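Heads up, the chain below is alone and in the form predicted alone; it's given as structure tokens.
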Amino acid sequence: MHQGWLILPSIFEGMGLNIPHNVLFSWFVLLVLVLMGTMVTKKLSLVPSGLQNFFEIVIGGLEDFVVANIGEAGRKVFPILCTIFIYIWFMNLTGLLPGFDAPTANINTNAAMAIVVFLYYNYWGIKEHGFGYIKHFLGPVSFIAPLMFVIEVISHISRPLSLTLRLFGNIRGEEIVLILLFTLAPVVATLPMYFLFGLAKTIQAFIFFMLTMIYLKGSLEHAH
């Protein structure tokens, strides 16, 4: 059952459609991003302003960050890294809107993204190194390679779990605190907290983005 104060689940349930509210809000964020992207690309200008200026700053800054840490090879994986950050960022911020909930406050949303990240960086590792990618799991010393293989496999398998729980715990915790503040104090009194929560949600999106970048960097590099 959804919470009664959530707008989209109430509308769709009234239509006889019982769709999980994290899915509905994920669709909502996707729709917003598609509309914003369409608006920007239809009116591209050499002198950016408004949304174009916003996206150029965000995307340009992220690209410089990725290239500085991975090198020129980072441009190959930048599209998904940029998409991950913007998508998670907007989903996190959706929780600040009255009547809305952050899709990332649901563990299923985060698990789906974490599994995609896991498959994606291993795909690049295999694509770049072929069978030699296994060297990333064997360590630098041959006689302890079997032990290192087990440790590395467990380490890699735990990455999706870590990505999922870190984002879920932080965003769900913030949502609970925000609801409690609304309950205990007038809405106006909680407005200063919006800045802090907005900053925290931005940081959480960046952490997910940065960890994904680190995993991709490791898969693209040659094993030592």
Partner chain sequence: MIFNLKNKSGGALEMLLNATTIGLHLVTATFVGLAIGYFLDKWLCDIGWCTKPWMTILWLVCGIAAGFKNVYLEVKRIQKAQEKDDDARRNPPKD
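Numbering follows the first chain given and starts at 1. As the structure is a computational prediction, the values presented were derived from the model and not from experiment.
Keep in mind that the form predicted together with the partner chain is not shown, yet the notes after this line are about it.
- Think of it this way: in the predicted bound form, the partner chain has a heavy atom of just one of S162, T41, T183, S45 within 4.5 Å, and the residue is S162.
- Screening F100, W124, F85, F78 for any heavy atom within 4.5 Å of the partner chain in the predicted bound form leaves a single hit, F85.
- Contact annotation for the candidate site: L33, E72 and F90 all lie away from the partner chain in the predicted bound form (no heavy atom within 4.5 Å).
- Taking the partner from the other structure, the partner chain in the predicted bound form has no heavy atom within 4.5 Å of any heavy atom of R172.
- Using a 4.5 Å cutoff between non-hydrogen atoms, V29 does not count as a contact of the partner chain in the predicted bound form.
- Contact annotation for F12: none of its heavy atoms lies within 4.5 Å of the partner chain in the predicted bound form.
- When contacts are judged by a 4.5 Å heavy atom cut-off, G61 counts as touching the partner chain in the predicted bound form.
- Along 148-162, residues M148, V150, I151, E152, I154, S155, I157, S158, L161, S162 each place a heavy atom within 4.5 Å of the partner chain in the predicted bound form.
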